[in-house]
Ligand code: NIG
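Shown below, as structure tokens, is a lone chain in the form predicted on its own; questions about how it binds or moves come after it.
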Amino acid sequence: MSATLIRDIKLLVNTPETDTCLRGKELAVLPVIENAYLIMEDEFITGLGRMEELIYPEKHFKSVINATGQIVLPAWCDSHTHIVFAATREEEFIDKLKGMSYADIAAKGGGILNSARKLGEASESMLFNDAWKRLEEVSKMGTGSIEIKSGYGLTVESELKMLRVIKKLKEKSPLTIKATFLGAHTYPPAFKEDHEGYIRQIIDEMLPVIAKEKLADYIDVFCETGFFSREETIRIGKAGMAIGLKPKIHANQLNLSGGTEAGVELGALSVDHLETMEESTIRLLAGSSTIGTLLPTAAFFLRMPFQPARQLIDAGCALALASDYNPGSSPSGNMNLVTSMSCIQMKMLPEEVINAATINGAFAMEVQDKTGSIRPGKKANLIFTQPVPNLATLFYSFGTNHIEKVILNGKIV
């Protein structure tokens, strides 16, 4: 038999009989198997159960991995990143330390516009090579599925350049990748006083090429005061939907921007950020099929209040967790930090953060049939921890690297 046996797993985590996007109290229900085995063949999981139920002798397998004392989890599903960028922004980090706000930095030509200038000067090969290194980095930290947005182009040429880089990453990387078109990230300087002109450029010049070259899965809009209004967000979202792109909205990061309302009206797959929420907005999200994606490391880096995770869960919302890996407001793709921070600062339970960062993250990228949980037929995308006392240790002891190895598509990365 060409299969690999993983034996004596202390705890095999997230092993549901069926996959559903989890809401409210369901997020705290985490199916596990103690003293477990798992069989993988090629890139897929083909069997699992308790060790005493294993009917095949070890000699039956091509190879055997002993996981005594280890916890095995599904690889993280990071459903919101901006990892294709041309340069980091440490100078703005210093500006923030000196007291400048995110809005102040943006007003003087920093922020997104800074990244857009640098990206415009970068070659496609340079962008690909740098993003490839970032993918290698996050995969070693347990990420197996990832969404990547454009949005640092802000011209027809540069936005398409970013999306072509993402398409190439999709084709060559062992990670499962989804692409999002975020041309509506901000208004470029040439259109500062001509918002209609830039929206028309997105709709008339960018979207037709994206459709022709199949460059994106989703369309996103930064719905925020000083950026794109609720009405503009709906208009751009509908234009993307007309060519087959599902909406995912940057919503309620800095203000009660109407982004959540726009996302729910569009039937968006997710509304992401949600630092600034009120009861009516939370109830609206809870009553919809839209997933709320929380990005705690962005709130941390910007020294903003963390997202109201407990209120969202108690209201019955479906939540995912993601890194928002980008050079300006979350320069880290470490999902282990995201999950620890979600426990420590947002009072989420370990079971809730695992579900939000695995199966619900998979639903937020529509890859739940391939990844996000440990079931026969799914990709063998697995995190092996070091021997640890229990599941809570992974988030309690936040400064320790608990990962012993990561397997993606059945191979150690």
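Numbers follow the displayed sequence, beginning with 1. What you see is a predicted model; the values in this text were computed from it and never measured.
Beyond the structure shown, there is the form predicted in complex with the named molecule, which is absent from this document and is the topic of what follows.
- Have a look at 134-142, 249-257, 236-244, 158-166 and name the one stretch with heavy atoms inside 4.5 Å of the named molecule in the predicted complex. Correct option: 249-257.
- Is every one of F222, N326 and S329 in contact with the named molecule in the predicted complex, taking contact as a heavy atom within 4.5 Å? Yes, each of F222, N326 and S329 comes within 4.5 Å of the named molecule in the predicted complex.
- Is there any non-hydrogen atom of I112 lying within 4.5 Å of the named molecule in the predicted complex? Yes, I112 sits close enough to the named molecule in the predicted complex that at least one of its heavy atoms falls within 4.5 Å.
- Would Y152 sit within 4.5 Å of the named molecule in the predicted complex, counting heavy atoms only? It does: once the named molecule is placed as it appears in the predicted complex, Y152 has a heavy atom within 4.5 Å of it.
- Message: Taking any heavy atom pair closer than or equal to 4.5 Å as contact, tell me whether R230 reaches the named molecule in the predicted complex.
- Response: No, R230 sits far enough from the named molecule in the predicted complex that none of its heavy atoms falls within 4.5 Å.
- Query: Though only this chain appears here, would R117 touch the named molecule in the predicted complex if you measure heavy atom gaps against 4.5 Å?
  - Reply: Flag for R117 set to no.
- Message: Within 4.5 Å of the named molecule in the predicted complex, counting any non-hydrogen atom, which residues from 76-101 show up?
- Response: Contacts from 76-101: H80, H82, R89.
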